[in-house]
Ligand code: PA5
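Just one chain is shown here, as structure tokens, and it is the form predicted alone.
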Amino acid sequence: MENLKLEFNKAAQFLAAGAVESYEPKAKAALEALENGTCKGNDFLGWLHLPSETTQAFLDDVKATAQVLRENCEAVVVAGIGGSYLGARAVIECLENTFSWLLPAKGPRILFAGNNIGEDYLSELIGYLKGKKFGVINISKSGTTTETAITFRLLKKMCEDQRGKEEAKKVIVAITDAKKGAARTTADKEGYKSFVIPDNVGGRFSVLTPVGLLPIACAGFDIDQLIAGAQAMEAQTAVDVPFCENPSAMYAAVRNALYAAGKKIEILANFQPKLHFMNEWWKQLYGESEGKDGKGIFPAAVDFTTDLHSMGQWIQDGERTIFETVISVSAPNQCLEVPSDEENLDGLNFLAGKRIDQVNKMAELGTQLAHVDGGVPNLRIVLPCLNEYYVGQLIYFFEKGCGISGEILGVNTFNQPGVEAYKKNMFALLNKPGYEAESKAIQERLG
């Protein structure tokens, strides 16, 4: 089978001769640090060989659990935040029919909650679920993350009220810590089926663990092929693969070379609307991994051609501190042609008989040429098509590239100390026990 490809000549032309190649020793050292476990945050390297270490017995267990939910639920709510939901949502939306929610259901609707504290959102979710047979996948290592814990408390009660406590046990699944935390205690006490979030895999790297695999399987997609694609990319980005043949190492090198040259913002673009949440997952992966110690490339994302009519102006003519990475899908899964029109009032008969994708590809090429002419370096990630195998490749490509890039940058890729700042203030403002000193300090600040 084909593999994902990285093209970066339209980015390298903005750099001094040999700039990308000069990062080969740094990329090699980064790969070795990851492989040998000598990098910062080395207790969170469980994702590195996760694809090749995933067993068929484990995948069969995930699929069997998913089948129970599929057979007993009209909807399955995935309760989680950040990496505990973005990866699964990215994969599902890449693969499912865009209008599946309007079509006759072939399985349960997969819904996502626990990623905000919006009262209207939760009220409307509760209203939708009223009278429906639904299940819950509760994803939390601690069980005390505010957004997810509030949501699970609501959903647990509603599920038990509607189905009875015994029946609810069959359709509530916990994905949590192996031994400790509120979610583990609840799962053991209630007798829920549970899966473990490995201690050495952080949330944003967890899509190929049960965190992502169970919701994806519940949606009816082939997790065996997803893992197979990731396994292929793991092999293609291994420490002994030559630098010029390793797409993740090259990606990390190019983006760091551009960063050193003053390009502080990376815009991930796609010309396939199904990739919107892949953009969102990528933003968390790179933003939370690299944005620390006063440095790091700012990750932004756009959906083309839609955002060419809004953000396109800024990208074309704004401050030249940006570079662009485009995910390009070679072949769509459907076929549709532009029809001919006798009156031709819109002047589009010159496109009659052409595939819609051909028009889209010319928009992609035309955009690349325009942006490069406008001073925006361009990288291009090429996927043969959108299916489980190639989405698995894309996920691991980005994960490995992130690990290498963060190590080159000199940060701890796997921690997120800045995320805790807002939580401390929020708990103090809510008068959570144990935060009395912080609460007093904030009240003094606020007058």
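For every residue, the number given is its place in the sequence shown, counted from 1. On a predicted model such as this, the values are computed, not experimentally measured, just so you know.
What comes next is about the form predicted together with ligand PA5, which is not displayed.
In summary, the region of this chain contacting ligand PA5 in the predicted bound form, judged by heavy atoms within 4.5 Å and restricted to 196-204, 242-250, 355-363, 124-132, corresponds to 196-204. The partner is absent here, but in the predicted bound form a heavy atom of K141, alone among H371, K141, R255, R89, sits within 4.5 Å of ligand PA5. The contact residue chosen from G296, G82, G107, P299 relative to ligand PA5 in the predicted bound form is G82, the criterion being a non-hydrogen atom within 4.5 angstroms. Ligand PA5 in the predicted bound form comes within 4.5 Å of no heavy atom belonging to Q236. Although the partner is absent here, Q284 lies within 4.5 Å of ligand PA5 in the predicted bound form, judged by heavy atoms. Though the partner is left out of this view, E288 does reach within 4.5 Å of ligand PA5 in the predicted bound form, counting heavy atoms only. In the predicted bound form, none of the heavy atoms of N378 sits within 4.5 Å of a heavy atom of ligand PA5.
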